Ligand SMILES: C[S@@+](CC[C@H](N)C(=O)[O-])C[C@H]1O[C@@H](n2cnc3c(N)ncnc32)[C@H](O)[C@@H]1O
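Before any questions on how it binds or moves, here is one chain, the form predicted alone, in structure tokens.
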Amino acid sequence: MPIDLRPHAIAVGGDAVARDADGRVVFVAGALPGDHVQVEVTEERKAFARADLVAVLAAGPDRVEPGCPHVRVGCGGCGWQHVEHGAQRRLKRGLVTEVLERQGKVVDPVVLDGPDLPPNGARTTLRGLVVGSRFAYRRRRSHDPVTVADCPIAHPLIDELVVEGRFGDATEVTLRASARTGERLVVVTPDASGVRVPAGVEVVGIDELQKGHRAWFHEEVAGRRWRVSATSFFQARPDGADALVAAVRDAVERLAPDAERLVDLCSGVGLFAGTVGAGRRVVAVERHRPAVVDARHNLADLDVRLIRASIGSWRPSAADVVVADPARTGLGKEGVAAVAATGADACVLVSCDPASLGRDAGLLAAAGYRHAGSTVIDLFPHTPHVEVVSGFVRPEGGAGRG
């Protein structure tokens, strides 16, 4: 039975937060603070419930009509196309502030906006399903596919592959491109048989990669050229990677201006080791073998020692500052213990999930590090995904506010 609600906040993950007539918290997919909505409860727990939006009875000030027709028929690629662009940035900043206060126990955290990146035509990596040889996203909150004729958020080099690509009998596909070199790479699962794409696009099957075949493309970010293998992580837009490098560099220079020794944890293909670490002695730690091979190529001209290891198995090296860019799960106890074991007086943490940031902030505080400001880099407009660069400093060894 539908019920009427008036959401008042946004939760991590992008759902709106409301309370029903009994005071129970209800998370509503597709709603926004300030809306008056009718919803259908889909899941009930003792402490909360989840609901889907049935109708918007009165739109709040941040709601707009989605610009993409595929969103209107259920495409799950962009969960926030119904949110005005400026409001997206404000809501993300509020989320980060809230988790730092609630989970990290940070009093009056300083949280700033990064540069305003264009919301459309910028994404250089898309992952999706294949249906009838065509690219498809998953439907919102479902594994069911939604075939799309084009994709407004994609860079034109990627959108051409969405429109013209035919991916044979593959079940999944990853489309990758360099906005600055023009190179393109298509990775298909399980194999590349029957794939047809525009001339000049490299195609590789997961089966080939598993047999040791190498495939990569190059991107240019922060004045350097980066080789990125088919399965190596790299930020999905070069202007966003530029912004991340700038924010990390600013935090390092602010919190550890005299740092000579830098540890780069979860270093990937070497983005921060090769930019922020330039002119310093760097130890870079990464567990993914193809990324380590890429980093060895990308950092050959710099004073960098590469170590292939997980954070938990790495024997910490002494450092003046640590830069860490972990996966969505964050540093956790092992990662924070490794940071502390380096003896570094400053840590710059790149987080891609607000909940893990809040937890890591609390763990770092317990290890003696004080929050010294965060910058939200909106790498994924039209989605609730949040990327944050945060500084942490030991009070006796650095400066900052937070």
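Residue positions are given as counts along the sequence shown, with the first one as 1. Treat the numbers as computed from the prediction; the structure is a model and nothing was measured.
In what follows, reference is made to the form predicted in complex with this ligand, a form of this protein that is not presented.
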None of Leu271, Ala251, Leu175, Val83 but one has a heavy atom within 4.5 Å of this ligand in the predicted complex; the exception is Leu271
Contact with this ligand in the predicted complex, heavy atom within 4.5 Å, among Ser229, Asn298, Gln88, Gln235 goes to Gln235
(message) Since only the chain is shown here, I'm wondering whether Gly74 would be in contact with this ligand in the predicted complex (any heavy atom pair within 4.5 Å).
(response) no
_With a cut-off of 4.5 Å between heavy atoms, is Ala318 one of the residues that contacts this ligand in the predicted complex?_
no
Exercise: Ile311 in contact with this ligand in the predicted complex, heavy atom 4.5 Å:
yes
Looking at the partner-bound form in the predicted complex, is Glu219 within 4.5 Å of this ligand by any heavy atom? no
Here the chain appears without its partner; judged in the predicted complex, the stretch of 262 to 270, 200 to 208, 105 to 113, 181 to 189 with heavy atoms within 4.5 Å of this ligand is 262 to 270
Across 236 to 260, the residues having a non-hydrogen atom within 4.5 Å of this ligand in the predicted complex turn out to be none
